[in-house]
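The chain below stands alone and is given in structure tokens; this is the form predicted on its own.
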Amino acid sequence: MPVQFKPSDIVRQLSEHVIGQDEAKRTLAVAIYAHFRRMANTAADSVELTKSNILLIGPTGSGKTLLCETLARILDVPFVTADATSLAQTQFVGDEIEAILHRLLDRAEGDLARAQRGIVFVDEVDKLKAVSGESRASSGESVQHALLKIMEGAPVRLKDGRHIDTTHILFICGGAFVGLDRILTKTHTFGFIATSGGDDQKILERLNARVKPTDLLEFGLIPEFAGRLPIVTRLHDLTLDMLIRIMTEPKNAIAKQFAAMLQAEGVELRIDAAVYRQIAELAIEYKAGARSLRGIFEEMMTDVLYTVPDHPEIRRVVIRSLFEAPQLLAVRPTPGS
């Protein structure tokens, strides 16, 4: 990423694709700005800037992966995701970690220098917590230890003989961390501080909400692993309004995708506002956040996409309710209709 990208630029571009989670966007933007400033640092500079990997904490479907994917697209850097649960289920953790870096190199089309400035997102790291009575060799704790070296920065030898240096690769870890809130309620230690104004109270609330290294240790991360993730930010459950906006507002919103698909057939798609609300309510009921939206939307559109190609006379599709059949109209849309 050219260092001319300011944090505000990154947030603005993230907001074109990701609805809500403003605090997480700001934290990510500042971390990315600092990371690329660090890479631009020269040997002649008197102060050495150290790498700060990032931990995203948030429920399933709150946008952790989407934020990282969008960030990589904005920065135009190679990006790969890895599943910590899969790492914990293999006896050959080293091979799996090497495979992650090899995929990063593939995403960089073999350009080693570009791969060494990519982003790796490791999801579900909360599943790696140490479990009492479990042998270290077969536990998530062993995966935490295996990840330490590459997260800090080290040359890793690939099977083809090349070495990839992870010093400038940014590692972003994510997880739901179910149960962490109970730990946080016990570790609020700033409540006794007197505050005199609204701004002071906001600072106090931020301090109280902040996830501290000791909280991560109590949750089950080992000290060394938690120490490699100095930047921690939280994503929150998506509200009904946010889920509705996700379907309609982003550049690649699902409603825009289907509208463009039908437009290519010469068909106009109209969906009443009530439908988006119904889909969002179902998504909340499924407790999977934004992940549910596409599946519900796809199901709603299946019959339409099956029928339209066989009936060139159809010129407009109107959907008034998720629980009613779409109207397929053989009329040409008129201005204002």
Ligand SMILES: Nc1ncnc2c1ncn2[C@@H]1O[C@H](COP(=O)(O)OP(=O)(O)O)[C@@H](O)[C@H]1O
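The numbering used is simple: start at 1 and walk along the sequence shown. A quick note: this is a predicted structure, and the numbers were derived from the prediction, not measured.
The discussion below concerns the form predicted in complex with this ligand, not included here.
Colleague: Here the chain is shown alone; which of Thr60, Ser52, Thr307, Gln278 has a heavy atom within 4.5 Å of this ligand in the model of the complex?
Modeller: By the 4.5 Å heavy-atom cutoff, the listed residue in contact is Thr60.
Colleague: Report the residue, out of Val120, Leu221, Ile246, Leu71, that has at least one non-hydrogen atom within 4.5 angstroms of this ligand in the model of the complex.
Modeller: Looking at the other structure, the residue within range turns out to be Ile246.
Colleague: Would Leu238 show up as a contact with this ligand in the model of the complex if we use heavy atoms at 4.5 Å?
Modeller: Yes - in the model of the complex, heavy atoms of Leu238 and this ligand come within 4.5 Å of each other.
Colleague: Can you check whether Arg316 is within 4.5 Å of this ligand in the model of the complex, heavy atom basis?
Modeller: Arg316 lies outside the contact set for this ligand.
Colleague: Mark Arg270 yes when one of its heavy atoms lies within 4.5 Å of a heavy atom of this ligand in the model of the complex, and no otherwise.
Modeller: Because no heavy atom of Arg270 falls inside 4.5 Å of this ligand in the model of the complex, the answer is no.
Colleague: Would you check, heavy atoms only and a 4.5 Å threshold, whether Leu322 touches this ligand in the model of the complex?
Modeller: Looking in the model of the complex, residue contacts with this ligand do not include Leu322, since no heavy atom lies within 4.5 Å.
Colleague: Using a 4.5 Å heavy atom cut-off, which of 32 to 40, 297 to 305, 279 to 287, 61 to 69 contacts this ligand in the model of the complex?
Modeller: The contacting stretch here is 61 to 69.
Colleague: Going by this ligand in the model of the complex, which residues of 7 to 21 come within 4.5 Å of it through any heavy atom?
Modeller: Residues within 4.5 Å: His17, Val18, Ile19, Gln21.
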